[in-house]
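One chain comes next, on its own, written as structure tokens: the form predicted alone.
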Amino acid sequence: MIRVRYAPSPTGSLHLGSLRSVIFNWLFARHHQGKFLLRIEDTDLERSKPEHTKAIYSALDWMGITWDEPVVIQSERTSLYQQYLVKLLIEKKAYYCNCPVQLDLATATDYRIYDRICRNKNLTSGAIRFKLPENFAQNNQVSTSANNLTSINFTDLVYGPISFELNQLDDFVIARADGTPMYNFAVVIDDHEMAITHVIRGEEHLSNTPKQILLYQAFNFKTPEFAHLPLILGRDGRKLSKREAAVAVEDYRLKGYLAEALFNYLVRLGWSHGDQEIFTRLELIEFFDLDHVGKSGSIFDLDKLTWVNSTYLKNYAAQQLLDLIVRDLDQDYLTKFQLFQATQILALLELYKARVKVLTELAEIVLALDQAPVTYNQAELDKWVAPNFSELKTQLNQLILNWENLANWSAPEILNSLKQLCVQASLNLPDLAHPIRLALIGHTASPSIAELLAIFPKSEVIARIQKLIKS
């Protein structure tokens, strides 16, 4: 059975690149009827924070991503790592070192391969280094003997055959002097213990793969298959940065993007299924596999994400949208209305959902309708009210009289009354509808005037029109 995992470090917010990796792992597992597991890699005790772990859980819950077994917490597995470290030391596949670990943390421009000065000192304390295969010569030159290991080779499920020359590596640190395991060591132990069959992760981890393969071989573990995902890029072709787009998943929730829309967009950011753009979750599970993951980085396009989001908004029922507003944006949203009841709020959400791009915009528009406008769009007043104010005032007063006697306050009846008055006064419908829109909402951009009016209480409509007439 296929078993995959997502293994975040709780040192910050979950960002878009990580979320895409989660999604690809989850879909791969679901497509193959496998297992998706979650592991929290919190061995960096100084930077790992409980609030970051909580944020990871919250983001995954928001995205509807569930895991199939209890969460594995690295900080709770210290004794396990110690057992495996001791095994390597006993088998002379690792050794203690008291050299500064900073040598392994230098930047690419001044990195120096470790000179193995502690390899044969038989120290009993310090950091622990993995001992590269013996045929890797002291001068870091690979032997020409046909029997010697010269490279680490594997087939990446995205990039194909990949080879790392062994002389690019040194005796790397696998545990700090205080006994806490380093990333590459802990990952191998955990993936083995969790029976992970496929490691699907960002391409920034590609350089870790040869070290991990060496550790798998040292323990005689079965090596999983690897798939490295190209980076998400900004418009300039560089790694996506906060300057170009919010990278934290939480930011998109608070800005009113729907989880399903973000899920859909991130899947398509590096994977394709023909020309189809919008998928249901079940379709993605059915179609997704690694065969159609591209080898090149994908450009993040906020406009495209916003378009996808608007498409989802149009297809959501009003009750779904209201539930999401209360859950994700404002739990007190409904208590802020004074005029509208729940049924009217739902009707307004339904009426306006096709006119917005994000959920925050929809929530703000509908809430604003609850209060009579304080000001009116001046340019639209000058165009639709001021030129013939005296005649318009007469027509609106007549309309109020007609509506006071209207037994059925419904969109068809309201529209019919507007058309009748337009015929009597030789007006075009916009000549009457736009001033009413101004009275109702302060500007002329709105859905169908009759459908909008029908949602409002008749008394409120009349009061707002009278306010405009008197202004």
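Sequential numbering from 1, following the sequence displayed. Quick caveat: nothing in here was measured; it's all calculated off a predicted structure.
Below, we refer to the form predicted together with glutamic acid, which is not included among the displayed structures.
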Checklist entry - Taking the partner as it appears in the predicted bound form, which of 199 to 207, 333 to 341, 298 to 306, 154 to 162 has residues with heavy atoms within 4.5 Å of glutamic acid? => result 199 to 207
Checklist outcome for this item: As a check of understanding, the residue in Val187, Ile345, Ala363, Ile174 with any heavy atom within 4.5 Å of glutamic acid in the predicted bound form should be identified as Val187
Checklist entry - Just one of Phe219, Tyr376, Tyr183, Tyr316 has a heavy atom within 4.5 angstroms of glutamic acid in the predicted bound form, so which one? => result Tyr183
Item to check | Proximity of Glu413 to glutamic acid in the predicted bound form, heavy atoms at 4.5 Å | outcome: no
Checklist entry - Does the 4.5 Å heavy atom contact test between Glu41 and glutamic acid in the predicted bound form come out positive? => result yes
Checklist entry - So, in the predicted bound form, is Ala7 in contact with glutamic acid at a 4.5 angstroms heavy atom limit? => result yes
